[in-house]
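Only one chain is given next, in structure tokens, and it is the form predicted alone.
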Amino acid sequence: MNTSRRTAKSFAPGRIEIIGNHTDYNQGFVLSCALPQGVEAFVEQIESDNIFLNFTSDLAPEEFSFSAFTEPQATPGAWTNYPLGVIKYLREEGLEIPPCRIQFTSNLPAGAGLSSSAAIEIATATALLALSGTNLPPMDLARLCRRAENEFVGVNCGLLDQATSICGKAGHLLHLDFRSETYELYPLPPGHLFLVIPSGMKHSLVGGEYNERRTQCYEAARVLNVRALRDATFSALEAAADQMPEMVFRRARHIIGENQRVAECVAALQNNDMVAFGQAMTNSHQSSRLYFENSTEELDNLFEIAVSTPGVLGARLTGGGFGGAVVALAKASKASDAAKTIATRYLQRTGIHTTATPYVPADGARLLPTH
């Protein structure tokens, strides 16, 4: 690729975590897929002695400029932390980034737990690598973007969001193994799709709840003397129940069960048994509510409405929880009616307007024409 290229444009999708809640940083398993919606980043090299970076976005009305003479610092709560962190670690990897302007546009619903943050990271990295004529293997790029979120933004997320945004494939679910950091693709059986229904409560992981859950999981693994909760069993957990606080026990119970439910869903895909797949999703939400305590009243209302709606085979909260959205598995032939029913009943119950949007799995990050 011509290294003198002065512009580049990329697209990185959001993702749906289909099942595998908080299992990624426990070296476990997740089923996920990329969305048709995501974030575009248009990078244009500029001539400037004073400005290193200039960000504009439809995410926020402000324009942000960063000096060429100082190291950019994270600003608490600012969306600009995500691209800044990526740029910091790309530079540490030896990528020469010239002064440039980056314009971000997004058609992802903000705060719905569909990983707009990872989409911003991946879009930034993909465009800047193209601008410089450099390539990174997909999972290496995912790890770099995770590092940006862990160390620069301050959220100790796993690799799920970044890996799905890069590796997604249309019509397929990704089965991700977070110990080997590898993935397999499984086709979604025809006649099925996913409904994503925002709760109307903004999803945010920068607060302490996410990092607290992660610490509790690590404590459980320490007590159980295993490398990660991926290696734990229910029998070992029961035997060690009196050696850990009840809250830590409950967190571990969720993770152990969640890894089993991912395996159940893979088997269901292989057997074309989407009723079993949906039941595992429903069981996942109940476990999140009871044991991981990362649901909310709004998410529980949405879940209850969804699973009682004709055409829906199962539902659960998606993403980190603490707000965000519910994902439901639905029969494609009944999805339109189900979406209307869920939105109507949720408004009646809570007074909150929502829209149940149908999705089929889409492709991952890619470059776009600049003309």
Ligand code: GLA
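Residue positions are given as counts along the sequence shown, with the first one as 1. Nothing here was measured: the structure is a model prediction, and the numbers come from that model.
There is another form of this protein, the form predicted in complex with ligand GLA, and it is not shown here; the text below is about that form.
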In contact with ligand GLA in the predicted bound form (heavy atoms, 4.5 Å), from 334-342, 313-321, 300-308, 41-49, is stretch 313-321
At the 4.5 Å heavy atom threshold, is residue 158 in contact with ligand GLA in the predicted bound form?
-> yes
Exercise for the section: Mark residue 21 yes when one of its heavy atoms lies within 4.5 Å of a heavy atom of ligand GLA in the predicted bound form, and no otherwise. Expected result: yes
Can residue 25 be called a contact residue for ligand GLA in the predicted bound form at 4.5 Å between heavy atoms?
yes
(Q) So in the predicted bound form, is ligand GLA close enough to residue 291 to count as touching (4.5 Å, heavy atoms)? (A) no
The one residue among 218, 183, 186, 210 placing a heavy atom within 4.5 Å of ligand GLA in the predicted bound form is 210
